[in-house]
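Coming up is one lone chain in structure tokens, specifically the form predicted alone.
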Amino acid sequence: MKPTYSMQTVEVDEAVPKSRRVYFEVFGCQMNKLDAELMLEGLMQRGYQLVHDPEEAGVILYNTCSVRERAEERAVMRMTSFKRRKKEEPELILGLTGCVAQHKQEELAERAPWIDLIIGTREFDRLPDLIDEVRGESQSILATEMDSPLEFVRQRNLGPQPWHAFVSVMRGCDMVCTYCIVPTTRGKEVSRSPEVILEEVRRLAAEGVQEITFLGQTVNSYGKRLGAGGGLDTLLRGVEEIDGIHRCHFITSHPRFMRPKLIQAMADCSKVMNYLHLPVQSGSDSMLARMKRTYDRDFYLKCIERLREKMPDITLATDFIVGFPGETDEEFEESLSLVKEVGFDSGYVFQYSPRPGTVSADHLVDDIPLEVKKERNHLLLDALHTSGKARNDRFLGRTVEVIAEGPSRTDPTRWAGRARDHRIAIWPACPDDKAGSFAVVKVNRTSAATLFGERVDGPSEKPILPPEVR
């Protein structure tokens, strides 16, 4: 059995004792994946080895997500499956880290006392010391302080793709969206210094990383407490000067912080991908106000207008929530109409579910029937797929440059790669295909989410953008 997020593939070294073998499963967002890589690096520096079978491990860790209840329960139930083994092997160390550990710390300590370590989102850098401390203890250790200074110096990329790396630029969130648990589990916003971030990128580039994804809960608000010259635009311009890095993008952005200087930096920097994930959540002003998103429909549309003015061929992805408390048919129709007005390339739709500890769960009634949520989910996805197919069709007969990622998950006779505007391209496998290499694909077929074609020689072409799909 492999972890949800496979950080690296290794052969088990029989010389490494079982107590120093760690199995690590990761749930949730890209920040959780990066946090797991940072934890693993700290453990490897102490002589631990990652294994992909929990039966071979003396330390079993789950890095968890609280955004949706199902993800919370999956992690806890999987940890529960080791209860019997813990009785048979008292020396086995079980640890729950991340957002669930932060959010449900007291409940977990009572519900699952056999878990040795409950480590929150701001203390995971202490993991190796905490494992040493808990060995032989009769009770679990909680490390969930939110004011702890999270300190790490990343030396290498442990992600599954050696040519790509996540880089954290900030942690926490200062927004007050009524449906979101992130400010509770991640704390207030804290930005790292530009110098430290860019030095990390240089180290990653030196070991072969070609593509960087900057991470933050509201990544484009980065640097607001750092003073002049500390914004995300500074980081993008800094990456432009780093040899070895060919592509850079950032997630997840908030419309409120899409300022002109950031948009200008995106347009100016050749390494910044022509892609932006900009969640809107709803097309209705009254819904956005209930969600406390701090912008309205017109503000969002003006952001899109400024982006396309500077980057006409930018790929735009978004998120929607359906079935938020009180959502009327008219309010939902405004979300549908926004998809047509913007012309998104892709998007995700989430059915609202109350998260304990959020304003909406505590003060609003979850009054939209599940059947209605499902219907709205399908209608909005259909609209996004129609929009995405129209946007992809403009690539027919043209070529795109991609970074080859490996065999397609659904058809191993084909390879998959990602273009510089984040589109996925699929082509018949060729002898020259190599993960992490650049390839040019001529597109002969499209779907709502994918470009299909053949590998060819020669440069890629920019698509022609008819006005109706700009």
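All residue numbers are counted from 1 along the displayed sequence. Since the structure is predicted, the reported quantities are computational estimates derived from the model, not experimental observations.
Omitted from view is the form predicted in complex with a small molecule, to which the following refers.
Visitor: Considering the small molecule in the predicted bound form, find the one stretch among 199 to 207, 124 to 132, 347 to 355, 76 to 84 with heavy atoms no farther than 4.5 Å from it.
Guide: Stretch 347 to 355 is the one.
Visitor: Is residue 230 part of the interface with the small molecule in the predicted bound form - any heavy atom within 4.5 Å?
Guide: Taking the distances in the predicted bound form, the answer for residue 230 is no, it never comes within 4.5 Å of the small molecule.
Visitor: Is there a non-hydrogen atom of residue 252 within 4.5 angstroms of a non-hydrogen atom of the small molecule in the predicted bound form?
Guide: Yes, residue 252 sits close enough to the small molecule in the predicted bound form that at least one of its heavy atoms falls within 4.5 Å.
Visitor: Given that the small molecule is not shown alongside this chain, does residue 179 nevertheless sit within 4.5 Å of it in the predicted bound form, heavy atom to heavy atom?
Guide: Residue 179: yes, in contact with the small molecule in the predicted bound form.
Visitor: Do residue 279 and the small molecule come within 4.5 Å of each other in the predicted bound form, heavy atoms counted?
Guide: Taking the distances in the predicted bound form, the answer for residue 279 is yes, it comes within 4.5 Å of the small molecule.
Visitor: Between the options 399, 392, 217, 335, which residue brings a heavy atom to within 4.5 Å of the small molecule in the predicted bound form?
Guide: Of the listed residues, the single hit is 217.
Visitor: Only one of 296, 367, 89, 319 has a non-hydrogen atom within 4.5 angstroms of the small molecule in the predicted bound form; which is it?
Guide: Filtering the options by heavy-atom distance leaves 319.
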